[in-house]
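Quick setup: one chain, the form predicted alone, written in structure tokens, and binding and motion questions come after.
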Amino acid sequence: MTSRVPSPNPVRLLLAIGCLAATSATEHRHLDIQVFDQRGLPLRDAVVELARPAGDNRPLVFAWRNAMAQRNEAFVPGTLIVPRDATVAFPNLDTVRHSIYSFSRAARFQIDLYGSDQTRAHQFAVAGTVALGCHIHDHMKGYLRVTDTPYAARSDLDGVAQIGNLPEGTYAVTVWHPQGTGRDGEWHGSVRLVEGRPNRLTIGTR
């Protein structure tokens, strides 16, 4: 539901997965995941998701805010990971009015025009990718990645996504990027997390 809040092309992905050493056999490990495009350049804003281990009860929350701002006629950040059922705030930090809409399967909605220093919000109950646009500014594009797992991260300028607090084991992995050519921009596979053993996956796209 949408609510009002008071004012205040082809790409080949190369996924290099490295396991950081743990200090004991029982300590949870961390994954550093680096994503490259077909030219061997780091790919920014790829979303990497690992399925929960069996019996895992870690809360479905992230360290960042569930907020997608509009600033300098752009969505900031351009890609935002949020937990399923999250209510996302859309603060307008510009001096012009904006609207927000999406025709994505995961969320079809529209927020009417609202002005500078105003905020609107919408709840996202279905996991998947939500592509955002503005009726007034066609060049504005943003993405919400709504997920069911707390083990998710977005790659940075160096193409690195960091996912932590994981025990050894085999994990189903999903990689999404707006230029990905798999169904819904996703690639699906698995990765084995073992202390001191790097994992390297090459993901082909059309």
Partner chain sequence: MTGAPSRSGWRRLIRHAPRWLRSARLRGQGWRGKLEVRVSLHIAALLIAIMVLTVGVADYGLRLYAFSVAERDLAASAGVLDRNLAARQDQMRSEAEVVSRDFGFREAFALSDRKTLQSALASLADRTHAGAALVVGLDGMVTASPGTPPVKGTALLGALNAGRNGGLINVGNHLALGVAARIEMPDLAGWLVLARPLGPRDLAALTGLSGLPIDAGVTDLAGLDPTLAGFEPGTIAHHDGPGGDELVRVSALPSLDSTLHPRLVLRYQLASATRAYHSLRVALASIGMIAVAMGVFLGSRLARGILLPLGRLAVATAAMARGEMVRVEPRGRDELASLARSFNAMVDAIEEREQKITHAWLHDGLTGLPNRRFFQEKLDRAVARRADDSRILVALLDIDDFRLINDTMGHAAGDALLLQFAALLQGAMPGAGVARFGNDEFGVVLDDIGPARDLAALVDELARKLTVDVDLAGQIVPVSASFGVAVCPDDAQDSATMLKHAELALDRARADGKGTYHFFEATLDEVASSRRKLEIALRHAVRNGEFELNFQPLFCPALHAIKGFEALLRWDHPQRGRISPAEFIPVAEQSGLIIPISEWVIRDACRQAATWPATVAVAVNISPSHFRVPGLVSCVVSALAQSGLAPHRLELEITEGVFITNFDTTLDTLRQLRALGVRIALDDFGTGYSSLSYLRAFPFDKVKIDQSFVRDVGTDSSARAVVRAIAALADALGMETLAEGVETETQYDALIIEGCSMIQGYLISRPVPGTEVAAVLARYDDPAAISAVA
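This structure is a prediction, so every number in the text was calculated from the model and none was measured. Positions refer to the first chain, counted from 1.
Omitted here: the form predicted together with its partner chain. The next part is about that form.
Participant: Are any of the heavy atoms in Lys141 no more than 4.5 Å from a heavy atom of its partner chain in the predicted bound form?
Facilitator: Yes, contact at 4.5 Å.
Participant: Please check if Gly133 has a heavy atom lying within 4.5 Å of any heavy atom of its partner chain in the predicted bound form.
Facilitator: Gly133: yes, in contact with its partner chain in the predicted bound form.
Participant: Does any part of Arg71 reach within 4.5 Å of its partner chain in the predicted bound form? Heavy atoms only, please.
Facilitator: Taking the distances in the predicted bound form, the answer for Arg71 is no, it never comes within 4.5 Å of its partner chain.
Participant: Would Gln110 sit within 4.5 Å of its partner chain in the predicted bound form, counting heavy atoms only?
Facilitator: Heavy-atom contact with its partner chain at 4.5 Å: present for Gln110.
Participant: Mind telling me which stretch in 112-120, 77-85, 90-98, 125-133 gets its heavy atoms within 4.5 Å of its partner chain in the predicted bound form?
Facilitator: Heavy-atom contact with the partner occurs in 125-133.
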